[in-house]
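Form predicted on its own, single chain, as structure tokens, below.
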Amino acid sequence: MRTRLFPLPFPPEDPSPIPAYFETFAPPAPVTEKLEGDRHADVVIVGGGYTGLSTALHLAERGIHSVVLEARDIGWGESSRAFGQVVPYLKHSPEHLARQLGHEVAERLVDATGRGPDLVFGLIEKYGIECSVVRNGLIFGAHSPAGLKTLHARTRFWQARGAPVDMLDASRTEALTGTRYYHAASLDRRGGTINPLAYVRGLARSAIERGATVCARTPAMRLMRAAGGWRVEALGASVVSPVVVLATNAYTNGEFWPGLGETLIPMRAYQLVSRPLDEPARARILRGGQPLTDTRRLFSGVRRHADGRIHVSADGPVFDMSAEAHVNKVNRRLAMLFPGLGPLEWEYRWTGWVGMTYDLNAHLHELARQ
């Protein structure tokens, strides 16, 4: 087991509410059930975010009944605090993954990730999820010669697979983004943006409509073996099932299944949303409608919402729950990208835990057999 790298108890408590900005244009959460008595299910899912609710929905499509237990409100954790980009990439390049995991496993992981946007946008269309979806691509700016080399390699890789990915020169980059900062960028038309809170609520509604049982404000307290598989206890009630899925990511309770928390490093991420821009600024900044990130390792996301607000991802203290984003750093970055924009007034701010892994890859663990 690895040594804990940060000075916080696990899981770190988090008083932060669901982002108020996303609430302003998201449908209300669906009505959920109260868990009472002793029940049985084909599958119990702990965690009502993207992973848990997508699992419930896909099981329901196959006629498999699941019970989802969410400690707070639907999507309260990472799912509602996300930036809202739908991205077909991993942290590491395919070449790095092949060296790290072997060619076969790396190929499966790269292929699944590359098809991720089709899965997400397919669910949105199939189930009529209202989440302010825009699928007109993602722009990645080359902030350095090394970053440009990386973008060229990535673009060639996906073009060879027939993906709609292109390099943009400086003038085309400026035409879409409104900035002259980048000498080149990559446009990946597979991606897009959503209201992440609206999307996770849409997954919940769709799963419930197809027979899944979702219980919000029902924290799972104990997991133990039982006749028929496993018993999950929550608020004086319980569910017995042959299969349990733990889908809590950065908000995993380290005591619920000892050892699982050691596979994650919870780190703080910060986001800011401005007051609406004036019409001239809206006309020149991100006028192509795509969100913009670049090849630096720090947070660099910028997107413009339909109401004219600028939304940015921001750096800040990574383990301090009471800290705030480095707003001055954000303002300097925007002034560099968009000279003449002037200081923005940040009307909405939020933060939350992001689940990082030691190798920066996604992990799926089989914790125990029945």
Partner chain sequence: MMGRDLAARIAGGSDAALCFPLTPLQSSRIRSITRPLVECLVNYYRSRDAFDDFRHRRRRAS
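Computed from a predicted model, the values in this text were never measured in an experiment. Positions refer to the first chain, counted from 1.
What comes next is about the form predicted in complex with the partner chain, which does not appear here.
Enquirer: When the partner chain is placed as it is in the predicted bound form, are S54, L109 and R297 each within 4.5 Å of it, taking any non-hydrogen atom of the residue?
Expert: Result yes, every residue of the spot touches the partner chain.
Enquirer: Within 4.5 Å of the partner chain in the predicted bound form, counting heavy atoms only, one of 301 to 309, 31 to 39, 325 to 333, 339 to 347 shows up; tell me which.
Expert: Correct option: 325 to 333.
Enquirer: Among the candidate residues P164, G228, G259, P219, which is the single one with a non-hydrogen atom no more than 4.5 Å from the partner chain in the predicted bound form?
Expert: Here the answer is residue option G259.
Enquirer: Which residue, A175, A153, A283, V105, has a heavy atom that falls within 4.5 Å of the partner chain in the predicted bound form?
Expert: That would be V105.
Enquirer: Looking at the partner-bound form in the predicted bound form, is Y181 within 4.5 Å of the partner chain by any heavy atom?
Expert: Y181: yes, in contact with the partner chain in the predicted bound form.
Enquirer: Taking heavy atoms and a 4.5 Å cut-off, does V245 contact the partner chain in the predicted bound form?
Expert: Because a heavy atom of V245 falls inside 4.5 Å of the partner chain in the predicted bound form, the answer is yes.
Enquirer: Using 4.5 Å between non-hydrogen atoms, is Y358 touching the partner chain in the predicted bound form?
Expert: Residue-level check for Y358: yes, a contact with the partner chain.
Enquirer: Given that the partner chain is not shown alongside this chain, does A362 nevertheless sit within 4.5 Å of it in the predicted bound form, heavy atom to heavy atom?
Expert: Close contact exists here: in the predicted bound form, A362 approaches the partner chain to within 4.5 Å, heavy atoms only.
Enquirer: So which residues in 54 to 71, when you check the partner chain in the predicted bound form, have a heavy atom no farther than 4.5 Å from it?
Expert: Residues within 4.5 Å: S54, T55, H58, L59, R62, I64.
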